[in-house]
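First comes one chain, alone, set out as structure tokens in the form predicted alone.
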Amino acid sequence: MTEMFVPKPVMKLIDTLENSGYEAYLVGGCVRDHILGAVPTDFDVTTSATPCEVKRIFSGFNVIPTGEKHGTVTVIIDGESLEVTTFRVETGYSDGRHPDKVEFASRLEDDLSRRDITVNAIAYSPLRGFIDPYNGIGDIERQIIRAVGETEKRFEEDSLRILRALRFSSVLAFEIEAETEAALYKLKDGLSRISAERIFTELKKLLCGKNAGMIIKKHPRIIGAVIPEILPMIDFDQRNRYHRYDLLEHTARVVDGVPPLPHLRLAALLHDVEKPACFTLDEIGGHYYGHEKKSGETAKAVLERLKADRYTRDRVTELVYNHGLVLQNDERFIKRCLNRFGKDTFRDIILLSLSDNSALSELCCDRPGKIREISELTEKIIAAAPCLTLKDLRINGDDLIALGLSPGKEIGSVLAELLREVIDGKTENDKETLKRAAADVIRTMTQRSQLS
């Protein structure tokens, strides 16, 4: 195994602790990523020194007691914030979430024994090399996720580890070892004791993994322990000639087909969640009238329950509501959509639609190509910086008042009509042209008012 590259500030931290008579090791993700051949970004250090001793050793530095009660302090070295945690053991998880007692330990092996899965229980010392009491390096080579020590005990201690196991399987594209998998299913109901915020954080990471679709297909009942709304998708035959997959597999493929951004992956997971509830059958096959709206309502409820941030909740809900939008390769249509949704949301609608249509039957094989053409035209339109919003109009309320229109809500109506004309290509976005068009709009509105 090759030596790890350790940045200078981290090396300075480790050397200072070692020269003061204490052991210090890199642990967790940075070690795992190095073994996987990735470039580590976060460097966490564990040490035999207690927080008080760390503060004394680094008395000439800025030391922040970020989690001193649990053994963690942050040392600022050369502008870098470096977390240092004392070797510790945890005992008693009476609530299935938090340790009842945290005690500092003198041995690295005791600290590694409390970690969740073997690939996260490897340590590295520039002096001593890799310390791997649970054969995490071997599990990385075999590409498996395996619990540290007593399997069921690991997940009984903190039920969130159940979702973390799925997350690492998704992110690393590793299989879950059989005994570990059995424990996940046996103990999955313990996820109900975990806070919504912790669940949501892990779920987003899981869904953004490169193996997310496989996890959805293989372990829907575990994901269903936190989002029970997806359970009716399991083995649901869509009974529709435009679909070649059951609903769960279709959903998994749509998740894999959109970029790994949390709001897109969540929208893909929930876009058809209410199809089973909307299912009707006739001589032609299965239909799902209104499932977009109903799925949007469910998506919103799910994200509110998971305490998602407002941006994610609103963006996902809007995407699910509109995932059935029939896209047209037409400049006027695209400009109207850009006006209605904004550039970023309309781009996301296109991405979700592309993935959704790519997971249909051969009868729809031409749709992805057409959607890509629409995407290309959309980018050309955006690049041309067209007038798409009221603020882009080269006329404003003051100009309309100067034309004789009284201040009030009619000004907004006239501007909205002028914007529609510009978007539809009927009027140029030129101030003098818009003034003439505004006079026509005002005259028409006045006539309508007199008739009514």
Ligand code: ATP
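For every residue, the number given is its place in the sequence shown, counted from 1. Computed from a predicted model, the values in this text were never measured in an experiment.
The form predicted in complex with the ligand is left out here; the points below concern that form.
| Of the options 188, 115, 300, 315, which one has a non-hydrogen atom that comes within 4.5 Å of the ligand in the model of the complex? | Of 188, 115, 300, 315, the residue with a heavy atom within 4.5 Å of the ligand in the model of the complex is 115.
| field | Candidate from 287, 198, 332, 343 lying within 4.5 Å of the ligand in the model of the complex - any heavy atom | value | After the contact test, the surviving option is 198.
| field | the ligand in the model of the complex reached by all of 276, 293 and 323, non-hydrogen atom within 4.5 Å | value | Checking in the model of the complex: none of 276, 293 and 323 is within 4.5 Å of the ligand.
| Does the ligand come within 4.5 Å of any heavy atom of residue 238 in the model of the complex? | Taking the distances in the model of the complex, the answer for residue 238 is no, it never comes within 4.5 Å of the ligand.
| At the 4.5 Å heavy atom threshold, is residue 158 in contact with the ligand in the model of the complex? | So residue 158 counts as contacting the ligand.
| message | Quick check on residue 55: any heavy atom within 4.5 Å of the ligand in the model of the complex? | response | Outside the cut-off, so no.
| Taking heavy atoms only, is residue 120 within 4.5 angstroms of the ligand in the model of the complex? | Contact check for residue 120: yes, within 4.5 Å of the ligand in the model of the complex.
| Among 73 to 81, 179 to 187, 198 to 206, 249 to 257, the region lying within 4.5 Å of the ligand in the model of the complex by heavy atom distance | Single hit among the candidates: 198 to 206.
| message | Could you pull out the residues of 164 to 191 that have any heavy atom within 4.5 Å of the ligand in the model of the complex? | response | Counting only heavy atoms within 4.5 Å of the ligand in the model of the complex, the contacting residues of 164 to 191 are 164, 167, 168.
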